[in-house]
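Shown next as structure tokens: one chain only, the form predicted alone.
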Amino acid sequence: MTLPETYKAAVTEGNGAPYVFKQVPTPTPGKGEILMRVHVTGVCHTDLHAKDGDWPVPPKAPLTGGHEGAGEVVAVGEDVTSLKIGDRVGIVWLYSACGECEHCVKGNETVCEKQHNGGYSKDGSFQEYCIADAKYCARIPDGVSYADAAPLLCAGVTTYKALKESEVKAGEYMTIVGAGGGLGHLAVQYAKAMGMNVIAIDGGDEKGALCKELGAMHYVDFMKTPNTVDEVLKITGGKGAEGVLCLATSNKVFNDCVHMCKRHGCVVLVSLPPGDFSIPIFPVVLKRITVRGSIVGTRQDLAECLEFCAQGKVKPIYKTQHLEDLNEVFQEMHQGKIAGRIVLEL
């Protein structure tokens, strides 16, 4: 395959600087690496945080962000045996891990202290070609389009993993707070596919209709319901939900989630609002409630979440735009105007 000498990449200097579009030299994959031709890339809220430098650990600078890139292998480096030219792959948040620490050995590679992250500590998918670690690429199943796969490479696997972390079984209640958003609409579908009884919480009739269409058994509109905790308790016969998944960015909601939870249930926190939040000690201790954080998923989680899509059980909702629209997408994201996900074509 003949590759170009240069290609288009979006680059930011960080600390709030906008992305600029440059021609950069086409790299050669090193040992254990592949070069992928990026066909589409999702835009995640984490990409906005990376551009603006919001998090305690700074990203690399200059930076090409993006960790929901889907495309095909166009070159392989030394010692790569698991992938070949033409394979359909994706670059993800877990760009690589050490594979040797206690966390990796125990199957908890997402908390490896030596991990690298796509579009953060390593350049990501906001470019036409991208280097990736062959061992940690996503394998996109046949029958799943690149555009459908892109949002699942982060948003999908993040919500799927969080639902697994809740340990909620089929037939039990899962309350999803922020169910109508980019992550939430996927969480509703995964929970439904896993056999859970979904209570969706969000604001507005439009989001309510969407949640019901995607499989939610109940919808609680916080704009119309004075006390969402009481409503969840009413739905569950006063017992609360076995699992509560928090995708909302309000600190107060974190506290409410505990009160929605059933005895011996689990609250899983995914969203990252600034600041701290309080946990009501008595309910947590006396009801034996688990409060657990969850971030993305392992390679096995990723394979499972993509398979749900291949089987037609999960379908991301997104709008397609172009890479050159990236700065405008971030502006809309800042203003909270984006419904579902954005997938950029390259």
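Whichever C-alpha set is largest while still superposing within 1.5 Å between the two forms counts as the rigid core. Values in this document were obtained by computation on a predicted structure and should not be read as measured data. All residue numbers refer to positions in the sequence shown, first residue = 1.
From this point on, the text means the form predicted together with a small molecule, which you will not see here.
Visitor: Taking the small molecule in the predicted complex as the reference, which of Ile295, Ala61, Ala303, Val284 has a non-hydrogen atom within 4.5 Å?
Guide: Exactly one listed residue reaches within 4.5 Å, namely Ile295.
Visitor: Which one, Gly243, Pro151, Gly180, Gly71, lies within 4.5 Å of the small molecule in the predicted complex by heavy atoms?
Guide: By the 4.5 Å heavy-atom cutoff, the listed residue in contact is Gly180.
Visitor: Spot the stretch among 23-31, 40-48, 275-283, 311-319 with residues whose non-hydrogen atoms come within 4.5 Å of the small molecule in the predicted complex.
Guide: Flagged stretch: 40-48.
Visitor: May I ask you to check whether Val76 falls inside a 4.5 Å heavy atom distance of the small molecule in the predicted complex?
Guide: Because no heavy atom of Val76 falls inside 4.5 Å of the small molecule in the predicted complex, the answer is no.
Visitor: So, Gly336 and the small molecule: in the predicted complex, are they within 4.5 Å at any heavy atom pair?
Guide: Residue-level check for Gly336: yes, a contact with the small molecule.
Visitor: Does Met196 reach the small molecule in the predicted complex, with heavy atoms at most 4.5 Å apart?
Guide: Close contact is absent here: in the predicted complex, Met196 is far from the small molecule, nothing within 4.5 Å, heavy atoms only.
Visitor: Looking at the partner-bound form in the predicted complex, is Ile201 within 4.5 Å of the small molecule by any heavy atom?
Guide: Yes, contact at 4.5 Å.
Visitor: With a threshold of 2 Å on the C-alpha, tell me if Phe222 counts as moved between this form and the one not shown once the core is superposed.
Guide: Yes; that C-alpha moves by at least 2 Å between this form and the one not shown.
Visitor: Is the shift of Cys154 between this form and the one not shown large enough to count as movement, that is, does its C-alpha move by 2 Å or more after the core is superposed?
Guide: Cys154 C-alpha, core-superposed: shift of less than 2 Å.
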